[in-house]
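Here are two versions of the same chain, shown separately as structure tokens and labelled structure 1 and structure 2.
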Structure 1
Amino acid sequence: MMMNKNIRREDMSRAVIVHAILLTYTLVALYPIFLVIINAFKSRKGIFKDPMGLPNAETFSLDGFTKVLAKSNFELFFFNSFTVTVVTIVIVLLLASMAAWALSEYKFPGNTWLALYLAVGIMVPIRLGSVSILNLIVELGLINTLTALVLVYVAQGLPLAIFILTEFMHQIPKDLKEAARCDGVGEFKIFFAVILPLIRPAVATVAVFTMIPIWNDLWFPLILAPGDGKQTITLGIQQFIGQYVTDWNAVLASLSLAIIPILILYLIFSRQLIRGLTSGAVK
């Protein structure tokens, strides 16, 4: 009896320590976002006077949001980022899921080497090839187009997406697929009607992991699509940052508005995302 009580106390102590660490990490991760949001609702004077304090009657101001929405093409920047992100996610999910299905289900010469080759793409940063990518985009006549960004981001997102989806597809029972084949169901129908619904948590995980780097990226929009009318949110915000003077009200307001899509995506797919992460952890 005493041994059981000791074990329970040890388990409770471990749980408390783990939750304390996770809570600390959460606070550290969310605090910068909290600072951005509260300072977005302050005047310039209020930001520099008390950057850590909440807005009050003296410091509260919506000047930053007014400048962003009235004096910039924020709607266009948002639309460009949204278009590039959504198109990229759709292409990555479709191609990655089909490639993962082929690698996990069919055995052919070079299967292992192909999987290893795709895994190398996770380890090698795509920015190392920026010069070659820029030359290729120029030769294709795609400079200053959203298509250039989509192609680069698809290449960037595919290796990790294929790796995650392949691991999940290995967990699907073979009996389920064989039963469908015995009923005369074709491979395409098995893939779209049986396999994809079973890996929804993995699909949600891949969608989030694909979206965040694209939405936050500044490097490729700066070198591939810096022209007027093709700027993304991260690049459009730069107009408020000058060499000598920075309009912090507008910058922080822009960043606050840019956070909204990521929060919405998380709220929509949070349950699937958690299931996907925990399933991968169990494996």
Structure 2
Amino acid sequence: MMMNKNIRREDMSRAVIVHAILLTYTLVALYPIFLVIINAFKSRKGIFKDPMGLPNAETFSLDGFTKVLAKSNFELFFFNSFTVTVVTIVIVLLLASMAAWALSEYKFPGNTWLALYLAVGIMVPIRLGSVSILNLIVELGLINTLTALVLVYVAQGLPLAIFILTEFMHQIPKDLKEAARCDGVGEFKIFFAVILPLIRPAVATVAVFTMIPIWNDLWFPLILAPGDGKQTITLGIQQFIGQYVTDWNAVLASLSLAIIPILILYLIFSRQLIRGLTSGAVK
């Protein structure tokens, strides 16, 4: 093909090195996960007899999965987790990016202090406030609702999101905001129509960061919404994480199932990691 001729030889050798590095690290990152997955398909005995081996006739077992699927109301748990996660992400991204924009764009008295105030939340372990949060939720009559989880997660996700997004907002070329202002565009609209689209990679990154701890959280579902029909997937799965008797293959199976939805969410967000979003904007 025509194209081939135009691939640089030096690029080729560089590509080899680059891919070698990437593959090596990918292997490091994936091998343990690969172990999780193959072991999820093994009987408990199989796991410990030959942890590295692929499931074979002797060790293959879907016990883990059947247990998970039989014992818990998986669809419902998925739905709950999904709802909580997605709603939280949407709210966090919206509110955090708005706040970050205000902090990075406007000079007003106390700007730095407000930024600091909004960052305090990442400096204290949130579990510390569990009891107060629980009391608050009880008083609001939100106990055993997904709303309670969403509210707490939003509060929990905001500080980090604001912190990160504020930093990224600084990258946007000043001229663009100014052009919009000269275009007679209001501040809200500048934010939504110009700024947000341009920091999409950062927003997507923040979305991923917000999502991971929420999806994997066990604590707040336990105290705020342990009730029937409101369990999240992680809470549902915790039944398999025993103290003395442990169905490791069930744990592995359920946890590998549970990673799929966030992986999908990740893939959705990562499509926003676009190169050169601002290219062509300014000279």
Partner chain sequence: MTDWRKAKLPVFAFLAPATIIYTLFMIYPLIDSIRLSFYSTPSGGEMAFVGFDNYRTILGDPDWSATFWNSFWNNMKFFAVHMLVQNPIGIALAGILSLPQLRFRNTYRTMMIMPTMLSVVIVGFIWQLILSPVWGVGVDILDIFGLKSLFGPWLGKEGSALITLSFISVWQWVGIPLMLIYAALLAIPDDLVDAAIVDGATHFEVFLHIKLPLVLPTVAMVSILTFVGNFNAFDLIYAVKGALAGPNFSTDIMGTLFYRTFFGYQLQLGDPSLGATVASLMFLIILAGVLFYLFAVQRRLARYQL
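We call the rigid core whatever largest set of C-alpha positions still superposes within 1.5 Å between the two forms. Residue 1 is the first residue of structure 1, and the numbers go on in sequence order from there. Since the model is a prediction, treat every value here as computed from it, not as a measurement.
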Is structure 1 or structure 2 the form predicted together with the partner chain? 2
Once both forms sit on the same rigid core, is the C-alpha displacement of Ser43 at or above 2 Å between the two structures? yes
Tell me, please, whether between the two structures the C-alpha of Thr26 is shifted by 2 Å or more, with the rigid core used for superposition. yes
By the 2 angstroms cut-off, has the C-alpha of Ile260 moved between the two structures once the rigid core is superposed? no
Rigid core fixed, the Cα of Ile17 shifts between the two structures, in Å, by 12.7
